[in-house]
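In the block that follows, a single chain appears as structure tokens, in the form predicted alone.
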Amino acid sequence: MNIVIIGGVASGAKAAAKVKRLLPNSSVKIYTDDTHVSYSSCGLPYYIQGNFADYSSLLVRSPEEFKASGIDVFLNSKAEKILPEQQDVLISNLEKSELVHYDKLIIATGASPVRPKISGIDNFNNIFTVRTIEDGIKIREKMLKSKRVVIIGGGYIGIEILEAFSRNGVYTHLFERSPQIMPTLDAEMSETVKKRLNSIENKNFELHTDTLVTEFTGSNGILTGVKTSDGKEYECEMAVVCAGVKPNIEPAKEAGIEIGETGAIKVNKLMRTSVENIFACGDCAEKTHIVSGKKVWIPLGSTANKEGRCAAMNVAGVYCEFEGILGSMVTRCLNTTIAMTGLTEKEALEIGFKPVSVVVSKYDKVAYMPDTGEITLKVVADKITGLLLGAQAVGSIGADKRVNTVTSGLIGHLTVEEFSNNDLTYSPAYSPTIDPLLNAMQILCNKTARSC
């Protein structure tokens, strides 16, 4: 069997490795327009920060390692066109274009950074996006020579890059067009993030919300500043655009493969597309939200790996269903961990639930222990049924484990009352006697029709 995979970062590389183990006699080929294969793009902000010196630490497997396991990798090779009727893919590289035949095709083309329509964005060579290994190398090199920089976008990548710049002593202006940084959070949780960051002594950054960058300025191809919607100008020696990403669907769309309502490739639970013998996985594919049942597009490396594995199993004839996602995410910025799972209160209301919520701020461990921090938790449930809908946490490093605990409740479709009986671990070094999460659940339970 000829198995062709287009795209080779997370889902594509995972699919290749899995399908080769299941079908050792098959021909497995990865074609990627990238210069590297199988690497952690999520680790780029930490390479830029200097947490490790060698970018090769981000590489999971090299082309040579794939070759040793019987998988051929073709770098700088772009899938220009998919021809489903003859089961060919037109591949072009620096030397030639050729038709590659497949019996099964896995589309794992990922996503690309959004470049907003800002005057001058294409005129300067020191405006960057964060997606590839080369992006990380260039940003780090320029950062180390800069004193003042600009970040556009206050989502996950934006605040991770903010940490990188701040840790390296570079004065940073971060601009977010919405009224809050971390727009995926509910407003009061976003405000908690902002307050924690602004409370840092001698901070070397400024957070600008509700502010658009309207123009990049400079001369001779070199950016020297930006203009904003409030009429101000800021000098800078580089800018990083973190304005989100979009799924790479062009070859699939042109081939007549159905695109979902979210703008990503529509797939079923087996990762099959609407065209026979073609599968899709990772950031280019649409997802189903486990809580809402709605179609969503939330690109995450963890999801991409799981989808790549599922696609490979079905290609190999081993039945596997991918049930969906919760949108579980975690990141950090300086002294603050930010995590979430399931639905926000705003999303729950839009979908049609009657959400109730509680926000609690508690110590992450017993107060007499050293290095005690604070965690602010928000838990959301449906008022009528008591069904647990989602959680958000901001604060010390223990914030993520509380959110991870909630994910199991969401998968199990537990009510708040049922979750409140959870037997969580306790030690003074790890939590108060009653964990902040259980404390939040107990309060929330009294707001539902199934009050405890």
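In this text, residue numbers run from 1 along the sequence as written. This one's a predicted model, so the numbers in the text were calculated from it and none came from an experiment.
Below: the form predicted in complex with a further copy of the same chain, not depicted.
In the predicted complex, no residue of the candidate spot (Asn2, Asn25 and Gly110) has a heavy atom lying within 4.5 Å of a further copy of the same chain. The stretch from 185 to 193, 229 to 237, 68 to 76, 361 to 369 that comes within 4.5 Å of a further copy of the same chain in the predicted complex, counting heavy atoms only, is 361 to 369.
Put simply, Leu387 is far from a further copy of the same chain in the predicted complex: not one heavy atom of it is within 4.5 Å. Interface membership of Ser302, defined by any non-hydrogen atom within 4.5 Å of a further copy of the same chain in the predicted complex, is confirmed. A residue is said to contact a partner when one of its heavy atoms sits within 4.5 Å of a partner heavy atom; Glu323 meets this definition for a further copy of the same chain in the predicted complex. Residue contact check for Gly158: none of its heavy atoms lie within 4.5 Å of a further copy of the same chain in the predicted complex. Think of it this way: in the predicted complex, a further copy of the same chain has a heavy atom of just one of Arg140, Arg131, Arg309, Lys266 within 4.5 Å, and the residue is Arg309. Val330 is the sole member of Ile121, Val245, Val100, Val330 with a non-hydrogen atom within 4.5 Å of a further copy of the same chain in the predicted complex. Of all the residues from 403 to 425, those having a non-hydrogen atom no more than 4.5 Å from a further copy of the same chain in the predicted complex are Val403, Asn404, Thr405, Thr407, Ser408, Gly409, Ile411, Gly412, Leu414, Glu418, Phe419, Asn421, Asn422, Asp423, Leu424, Thr425.
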